[in-house]
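One chain follows as structure tokens, the form predicted on its own.
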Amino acid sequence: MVSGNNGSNSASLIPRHVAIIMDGNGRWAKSRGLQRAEGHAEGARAVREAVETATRVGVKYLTLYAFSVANWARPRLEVEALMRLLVEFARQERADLRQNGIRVNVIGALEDLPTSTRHAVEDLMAYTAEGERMTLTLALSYGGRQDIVEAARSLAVRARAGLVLPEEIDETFFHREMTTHSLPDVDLLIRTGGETRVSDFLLFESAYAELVFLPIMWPDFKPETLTTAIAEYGHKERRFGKTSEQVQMPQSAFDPLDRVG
């Protein structure tokens, strides 16, 4: 329904940056008497469909919460299965991603991943580096608080060395130090799994995001799930602290919160 919009205003109805917390793989598998790893494998299919749908409707940035810093505390066998799935995704999807102009990006501590997984992801990033249609970002060993702390630490070191003046540091300057520095702020954040929290995901970047919490488990996420969420987003009035009257006045389309040139 969204891809069928026409007219000069249709692009404004599509969120530029969609972020998804893919929750519920394990519970989906458990409810069917399966191993948790099987739920993650089925979730990979949903990832493929979400990427295809986002590309088709014109989303420019899609960020997926693939593995959080906290996920390292999960059972070892489950973590190992997730790492293998990442390798399989990198190898099986690379040709389609490149053919469709999708560039793969990573936020988080890529160096924390097992060597084979890290190399597969790095190869995928290099192979798709020329993609200009959409940027697919995988959050791997990622935590929003950790990213903010690391950025603050980096700026503190530079300030102590006299390379940065405190008065130079604003939101844009600070964001340049984060692993998300190449991404614009999140417009639409979706979480599956029935939980209503953001779980340390893109805390800094989602300050003005529209939030959608879905009761379905991630393997049940379908193309129409995403297009419906995007259609709902298109009916929201994005005020960014202004009044409705100010927003409705003719003005430049420049978004002051957009930190990507």
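For every residue, the number given is its place in the sequence shown, counted from 1. Keep in mind the model is a prediction, meaning the values are calculated, not measured.
Keep in mind the form predicted in complex with a small molecule is missing from the figure; the text below concerns it.
Student: Identify which of 78, 122, 150, 93 has a heavy atom within 4.5 Å of the small molecule in the predicted bound form; exactly one of them does.
Tutor: Selected residue: 78.
Student: Please determine whether residue 197 contacts the small molecule in the predicted bound form, using a 4.5 Å cut-off between heavy atoms.
Tutor: The answer is yes: residue 197 has a heavy atom within 4.5 Å of the small molecule.
Student: Given that the small molecule is not shown alongside this chain, does residue 14 nevertheless sit within 4.5 Å of it in the predicted bound form, heavy atom to heavy atom?
Tutor: Although the small molecule is absent here, residue 14 would stay clear of it in the predicted bound form, with no heavy atoms inside 4.5 Å.
Student: Spell out, yes or no, whether the shortest heavy atom distance between residue 67 and the small molecule in the predicted bound form is within 4.5 Å.
Tutor: Contact with the small molecule, yes.
Student: Verify the contact flag for residue 36: yes if a non-hydrogen atom of it lies within 4.5 Å of a non-hydrogen atom of the small molecule in the predicted bound form, no if not.
Tutor: Residue 36: yes, in contact with the small molecule in the predicted bound form.
Student: Report yes if all three of 22, 25 and 40 come within 4.5 Å of the small molecule in the predicted bound form by some heavy atom, otherwise no.
Tutor: Yes: each residue has a heavy atom within 4.5 Å of the partner.
Student: Heavy atoms within 4.5 Å of the small molecule in the predicted bound form: which stretch among 202-210, 221-229, 26-34, 49-57?
Tutor: Among the candidates, contact is made by 26-34.
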